[in-house]
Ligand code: DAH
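In the block that follows, a single chain appears as structure tokens, in the form predicted on its own.
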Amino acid sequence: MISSIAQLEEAALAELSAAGDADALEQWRIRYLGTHGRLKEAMTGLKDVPKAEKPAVGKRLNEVKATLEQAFAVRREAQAATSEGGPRIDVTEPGLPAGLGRRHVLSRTIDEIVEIFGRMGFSVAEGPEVEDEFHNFIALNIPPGHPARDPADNFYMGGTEEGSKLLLRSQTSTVQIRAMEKTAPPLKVVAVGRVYRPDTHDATHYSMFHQIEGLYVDRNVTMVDLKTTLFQFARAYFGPEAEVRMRPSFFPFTEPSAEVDMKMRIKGQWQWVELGGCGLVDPNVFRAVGYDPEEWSGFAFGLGIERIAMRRYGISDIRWLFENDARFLRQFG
């Protein structure tokens, strides 16, 4: 029995010396020091040793166990010190492609639209999303009691500022008021941003969406200038085949006013879809910001960014733009 234990020790130390990596070391530990290892098996056989030899055999087994455990610990530390900080990397293995990020389709659309109007001479203006009643209504010729101010059609905040109720802006026309307050005419700006209306969500409506507001103020501005600007934009962005129309409408802040429609493919069928409103700036709006309507004239328009993106990229449901489904968004890389 003593000789077989010596042979076990010799074989174990030889194999340990030959173990070249962490996996081989672990396999050695399991084979010799594990619960069902060879050393455990030898200790189990101690019950069959004659009583007179048991003390010597038991002592020898404990010595071998201590020797192997110490040798294993030393070998493991030495192996870890030479492994250069971790498992080796096989540089011949093909790598995984990096998941590159990309701009949201709405952000891309905004940049493309602003770039086109920039080529037409429009600069960019900005304004807050939380507005007061003066900029959202009064200066836009929407007096108290007007249906457009109904709480059912707006997101009022509950607070006030200088006695004026605060609300989430319902249109980017508020920015044209702020731009005219700060700048003497002539003026040519576009403003892009989120607007909020409690609309029922469907394929073409959402309670939060983006608008681009355009304003041009100068002497002798006419509807011809407005129509030319919008049609040039549509054909520059969508191509010469773009179908656009203007039809008479009414807005408190423009006179005359018109709706701008474009043909879009919705659920497999081509339909006329409203992109926004436009018209010549109402004289009362000029008076609210200190412009002389006898000297200055201008046009304004507000277009829905989501509907422009839907037409450009063949998106048939506005709700998809806000679901953050990566499978949908990856299409617009």
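Residue numbers here begin at 1 and follow the sequence given. The structure presented is a predicted model; accordingly, all values stated were derived computationally and were not measured.
Quick note: we don't show the form predicted together with this ligand, though the next part is all about it.
Undergrad: Does the trio 197, 211 and 254 actually contact this ligand in the predicted bound form, every residue with a heavy atom within 4.5 Å?
TA: Yes: 197, 211 and 254 each sit within 4.5 Å of this ligand in the predicted bound form.
Undergrad: For the interface check, one of 276-284, 29-37, 56-64, 42-50 should have non-hydrogen atoms within 4.5 Å of this ligand in the predicted bound form; which one?
TA: That would be stretch 276-284.
Undergrad: Can any non-hydrogen atom of residue 109 be found within 4.5 angstroms of this ligand in the predicted bound form?
TA: Contact check for residue 109: no, nothing within 4.5 Å of this ligand in the predicted bound form.
Undergrad: Can you tell me whether residue 141 touches this ligand? I mean in the predicted bound form, with a 4.5 angstroms heavy atom cut-off.
TA: Output for residue 141 is no: heavy atoms all beyond 4.5 Å of this ligand.
Undergrad: So, residue 154 and this ligand: in the predicted bound form, are they within 4.5 Å at any heavy atom pair?
TA: No, no contact at 4.5 Å.
Undergrad: Taking this ligand as it sits in the predicted bound form, is residue 300 near enough to touch it, meaning that at least one heavy atom pair lies within 4.5 angstroms?
TA: Contact check for residue 300: yes, within 4.5 Å of this ligand in the predicted bound form.
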